[in-house]
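Okay, here we've got a single chain as structure tokens, the form predicted alone, with questions on binding and movement later.
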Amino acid sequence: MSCLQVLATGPLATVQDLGRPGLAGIGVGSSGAADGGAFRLANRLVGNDEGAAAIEVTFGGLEVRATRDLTAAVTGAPCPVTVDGRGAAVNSVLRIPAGAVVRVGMPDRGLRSYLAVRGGISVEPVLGSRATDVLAGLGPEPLSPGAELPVGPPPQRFPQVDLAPVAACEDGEITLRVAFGPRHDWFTEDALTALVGSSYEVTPESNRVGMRLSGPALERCRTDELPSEGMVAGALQVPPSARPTLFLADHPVTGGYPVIAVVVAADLDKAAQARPGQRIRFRR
């Protein structure tokens, strides 16, 4: 069987698809690609169904070798890409000859890049998905050197374009739209004003589960305990530190700290590309 041999992974590389939606009732989160738009684009470029499994690369460093001729694409955070040492373009269709090594370097902006191959990564699905959920421990293990990833049979349709002109990730302050609630009434008016009137910095304590933010404290007007309730991607949960945590793809299914606001679904891809040290501003 044809495959990709993993030579290096960088800080984190995982297999992802569109996740496991609809299973929260049994305690299973959706997971899936953190930047769904970039993930879908990579699959469209190589002629796959949008949900075919691909590799999510966090902050570059991935090296893989093809065991047969493959067609691939790299999207998401713009990064240097080489095929056997020769430069290649992101957001384009790449021809990978058998034995060639593909290297995905560190992006100059953004955080997560996606490597899709025609036919998709064909690891064994778990609960209907091939996605790695780093919080729940579901799906394949995060990639490590020496791993071999099977590639599925190519789809019947062929790539329709050679290059997709898409806007690059933002490298300055990112604006994310939010809706207040469901527990904004647990916070003071000053806290609500601070949330949308100040900027917050992404801290290094961030991963696929969520990102901890540094900035003005969001003080409560209630001190009683909140029973655990359901969580969604984009929820801004405020723990006792009074600094918000923005939940991402591998967020917990429930949580016991109040959620002051939720980032709208259309802005979650931007949130997934925010890197430590970058600033975020929330707009109601």
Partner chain sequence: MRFLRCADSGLLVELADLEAVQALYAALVEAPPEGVTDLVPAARTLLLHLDPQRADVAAIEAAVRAVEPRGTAGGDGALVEVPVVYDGADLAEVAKLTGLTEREVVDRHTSAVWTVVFGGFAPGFGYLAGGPPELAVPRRVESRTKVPPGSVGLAGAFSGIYPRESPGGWQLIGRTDLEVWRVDRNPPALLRPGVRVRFQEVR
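Bear in mind the structure is a predicted one, so any value in this text is a computation, not a measurement. Positions refer to the first chain, counted from 1.
There is another form of the same protein, the form predicted together with its partner chain; it is not shown, and what comes next is about it.
The listed set Ala52, Ile55, Ala233, Val46 contains one residue whose heavy atoms approach its partner chain in the model of the complex to within 4.5 Å, identified as Ala233. In summary, among the residues Ala168, Leu127, Ala98, Met106, the only one with a non-hydrogen atom within 4.5 Å of its partner chain in the model of the complex is Leu127. This chain is displayed without its partner chain, yet in the model of the complex the stretch 136 to 144 from 98 to 106, 72 to 80, 136 to 144, 151 to 159 comes within 4.5 Å of it by heavy atoms. Shown alone here, Ala272 lies farther than 4.5 Å from its partner chain in the model of the complex, counting heavy atoms only. Proximity of Asp185 to its partner chain in the model of the complex falls within the 4.5 Å heavy atom cutoff. Taking non-hydrogen atoms only, Val28 approaches its partner chain to within 4.5 angstroms in the model of the complex. Residue contact with its partner chain in the model of the complex: Glu219 places no heavy atom within 4.5 Å of it. Taking the partner from elsewhere, every residue among Pro21, Glu229 and Val262 has a non-hydrogen atom within 4.5 angstroms of its partner chain in the model of the complex.
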